[in-house]
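Presented below, as structure tokens, is a lone chain in the form predicted on its own.
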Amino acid sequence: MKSEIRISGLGGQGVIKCAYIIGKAASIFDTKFATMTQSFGPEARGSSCSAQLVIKDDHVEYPYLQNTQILVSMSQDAYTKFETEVDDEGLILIDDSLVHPTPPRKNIRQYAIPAMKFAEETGNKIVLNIIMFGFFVAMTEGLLDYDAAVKAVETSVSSSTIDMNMKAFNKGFEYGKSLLEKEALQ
């Protein structure tokens, strides 16, 4: 199994941290191998940024995306820029508080979560990326082990914010699971 993933958005949204946690969950707390590369503008906040992950069951020979299978987008500019790179059988996950998508192409599965709204409800918008990570774990069913994902969050944030971040992770995860359950009933 090989998964090629792009996490995209704006500087300051925690895009790189989200990708780092995905890679950590896969390679440290699960039984997979992962590489991450990143790209961002010279500005500290507000510029486009993205991180690319390759996750495999065995060694990753080439760390760059060749066939994007999963796109996580937390900004309109990022969605517009990277949506066309997603494989025709791919998966797109967006924050619909910030992204207004076009209808998905061909067999692309596209799901949305009001992540920024949920983050604002927690009283701290900084957890947007952790909400998206929880959503990612739910929607990619089995790519990452749930317990590995939890350990990755717990070991990637400061100890004083673990509870807040775990609430954010579970909010995204539960929202994703509820979408999948509704879809299964249709």
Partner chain sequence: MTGKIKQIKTVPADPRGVLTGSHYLDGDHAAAEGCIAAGSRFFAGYPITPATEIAERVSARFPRIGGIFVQMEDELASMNAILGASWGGAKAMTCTSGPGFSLMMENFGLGIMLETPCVLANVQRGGPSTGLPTLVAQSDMMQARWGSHGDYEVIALVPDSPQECFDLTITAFNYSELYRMPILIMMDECVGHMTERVIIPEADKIRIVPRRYTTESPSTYLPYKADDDLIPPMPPVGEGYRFHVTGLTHDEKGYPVMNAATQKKLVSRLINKVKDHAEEIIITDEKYMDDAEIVLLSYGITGRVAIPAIEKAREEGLKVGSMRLKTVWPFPEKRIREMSKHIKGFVFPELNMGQVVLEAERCACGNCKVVRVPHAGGWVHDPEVIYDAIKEAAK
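Numbering follows the first chain given and starts at 1. Just so we're clear, the structure is a prediction, and the values are computed from it rather than from any experiment.
This next part talks about the form predicted together with the partner chain, which is not shown.
Partner proximity in the predicted bound form, defined as non-hydrogen atoms within 4.5 angstroms of the partner chain, places exactly one of 22-30, 123-131, 157-165, 141-149 at the interface: 22-30.
Not displayed here, the partner chain is kept clear of residue 47 by more than 4.5 Å at the level of heavy atoms in the predicted bound form. Shown alone here, residue 53 lies within 4.5 Å of the partner chain in the predicted bound form, counting heavy atoms only. Taking non-hydrogen atoms only, residue 68 never approaches the partner chain to within 4.5 angstroms in the predicted bound form. Contact check for residue 34: a heavy atom falls within 4.5 Å of the partner chain in the predicted bound form.
Annotation for 56-85: interface residues with the partner chain in the predicted bound form are 59, 60, 61, 62, 63, 64, 66 [heavy atom within 4.5 Å].
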